[in-house]
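Only one chain comes next, encoded as structure tokens, the form predicted on its own.
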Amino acid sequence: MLKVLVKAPAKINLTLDVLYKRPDNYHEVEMVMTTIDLADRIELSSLPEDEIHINSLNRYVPDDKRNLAYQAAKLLKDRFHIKKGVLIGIEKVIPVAAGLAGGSSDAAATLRGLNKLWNLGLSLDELAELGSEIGSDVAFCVYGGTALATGRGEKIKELPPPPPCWVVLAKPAIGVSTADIYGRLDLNSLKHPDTKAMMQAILDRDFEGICQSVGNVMEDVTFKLHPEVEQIKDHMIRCGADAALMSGSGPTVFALVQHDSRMNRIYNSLRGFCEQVFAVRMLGQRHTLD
């Protein structure tokens, strides 16, 4: 086998809670996440020389060891003494630095794809454990689907898919540093989302309950730094979104919508002042190893 193609879907946070700062300087988090049908495409091609090369037309994607997909390939090569090379082609569709785990999903897709290309025979659990060494969201992205993520994000408990709906995403033309937002969190004054209520609503396939339980403790910090992010959220709600929330540390905001007419209204109204707007479906199902 000389080439493997893998999809790397984005994720959204239905809840994002930060509980406390740990002795290792990471934050203890509790998040309900789900994958959506907005995906980068990863093409893995065998190289005769024992090297890792990144090929992407997106100027914001690093082509060296800063790239998480590069780190994923390097980790597998080192851990399993692989003396083969790989060209990692990344076709970016997920906005960069958007709170949608695009880089983490690229790394996860690279792990899944190289597992096949190099015939490593690893399970999803083993790949997720390796992924957690690269970044906090990579383990979730290895599995995909819907899950509760705890620890620093690497402990994954599978949940069933939420009921189907539209997800309208809008990313303003700004970047947000996750580390900066974490650094500005006042852990004593957070409005914690009801994670248990969200999990129960997903288990009950209760769309209204899901909409009532969305919450993200990072919103207030990002809104203060970038008021336009809050304006997008308010606009979505005014246009009839069943729920709206910032994903991750932002700046992307998403709306959950059941009716096609409202989805179209929100999507079309946002395209006037936001360059990157998408209307996609939730995926909800876990990845499988072909």
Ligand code: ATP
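Quick note: we count residues from 1 along the sequence shown, nothing fancier. As the structure is a prediction and not an experimental result, all values here were calculated from the model.
What comes next is about the form predicted together with the ligand, which does not appear here.
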Among 221-229, 234-242, 60-68, 253-261, which stretch has residues whose heavy atoms lie within 4.5 Å of the ligand in the predicted complex? 60-68
Residue among 144, 102, 153, 113 with a heavy atom within 4.5 Å of the ligand in the predicted complex: 102
Which residue, 214, 73, 139, 98, has a heavy atom that falls within 4.5 Å of the ligand in the predicted complex? 98
Under a 4.5 Å heavy atom criterion, is residue 92 part of the interface with the ligand in the predicted complex? yes
With a cut-off of 4.5 Å between heavy atoms, is residue 200 one of the residues that contacts the ligand in the predicted complex? no
